[in-house]
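Below sits a lone chain in structure tokens, taken as the form predicted on its own.
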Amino acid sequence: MLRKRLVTVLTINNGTLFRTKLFEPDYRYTHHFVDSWSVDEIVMLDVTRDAGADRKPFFDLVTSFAHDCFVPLAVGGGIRTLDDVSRYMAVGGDKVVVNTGAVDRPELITEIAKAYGTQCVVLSIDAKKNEAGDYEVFSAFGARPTGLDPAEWAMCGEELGAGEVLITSITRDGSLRGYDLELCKRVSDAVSVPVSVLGGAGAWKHFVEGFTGGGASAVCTQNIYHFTESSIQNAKKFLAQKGIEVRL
């Protein structure tokens, strides 16, 4: 049985680490400590909304972070071309996360998969319920409705070459109320590739629910303030006690 993963997601706004709430910068961190020995994977996302913003601060941060990162590192935000991908892979990225770029141009997924392998492509899907009560994919930092169904878009992404899906509940972002398990389960049931769930984790029991109720292969959190070296290990011990196969 493949072990379940615990993933830390770092959201970077204009080169600075922030926690987000409802996809808006909510709290600025004064340090960038991450225990990259105990966590299973790290995702760095550039959430700077200004389309014309200088991406160099984020690129420089990824470069310095990757130097001391001892686990797989996925990088995303503003990726539109293979050149964007190659820049991050060259400085230590192991995977790239595509979202709006893939919605606007789905063939981008295939281009990356052919160049670097499907294991390097993570399709990020941001979703919430629309006025009709149906789950819908939103792009452009959750601001633009796409008309896409999350599960159907995940299946399409897998067919195009995505090796993993990251599903985020927009309305649960920063809430600490737990993941949207219904959303996660719909997506995880629709694809055969690993699914990571993000948005809402505030307690270790939410990790268990993400695995058991959501069918996730990995659970993610942006709230790194409680992720000291001991707390990650304690979280994993808690998961193991609940019967979840994790790397201790």
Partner chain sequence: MIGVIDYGLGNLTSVAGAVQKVGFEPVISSEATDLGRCEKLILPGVGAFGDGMRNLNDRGLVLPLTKMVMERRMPVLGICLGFQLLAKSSSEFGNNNGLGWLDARVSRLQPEDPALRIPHVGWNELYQKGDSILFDDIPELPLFYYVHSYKLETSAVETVIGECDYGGTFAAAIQSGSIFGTQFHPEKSQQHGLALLRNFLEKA
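Numbering follows the first chain given and starts at 1. Treat the numbers as computed from the prediction; the structure is a model and nothing was measured.
Separately, the form predicted in complex with its partner chain exists; it is not shown, and the next lines address it.
Peer 1: Although its partner chain is absent from this view, report whether G76 comes within 4.5 Å of it in the model of the complex, heavy atoms only.
Peer 2: It does not: once its partner chain is placed as it appears in the model of the complex, G76 has no heavy atom within 4.5 Å of it.
Peer 1: Can any non-hydrogen atom of G174 be found within 4.5 angstroms of its partner chain in the model of the complex?
Peer 2: No, G174 stays farther than 4.5 Å from its partner chain in the model of the complex.
Peer 1: E164 near its partner chain in the model of the complex, any heavy atom under 4.5 Å?
Peer 2: Because a heavy atom of E164 falls inside 4.5 Å of its partner chain in the model of the complex, the answer is yes.
Peer 1: Looking in the model of the complex, any heavy atom of A140 within 4.5 Å of its partner chain?
Peer 2: Contact with its partner chain, no.
Peer 1: With the partner removed from view, which of 148-156, 118-126, 131-139, 99-107 is the stretch that lies within 4.5 Å of its partner chain in the model of the complex, judged by heavy atom distances?
Peer 2: One stretch meets the cut-off, namely 118-126.
Peer 1: If the criterion is a non-hydrogen atom within 4.5 angstroms, does every one of E41, P72 and M89 touch its partner chain in the model of the complex?
Peer 2: Yes: E41, P72 and M89 each sit within 4.5 Å of its partner chain in the model of the complex.
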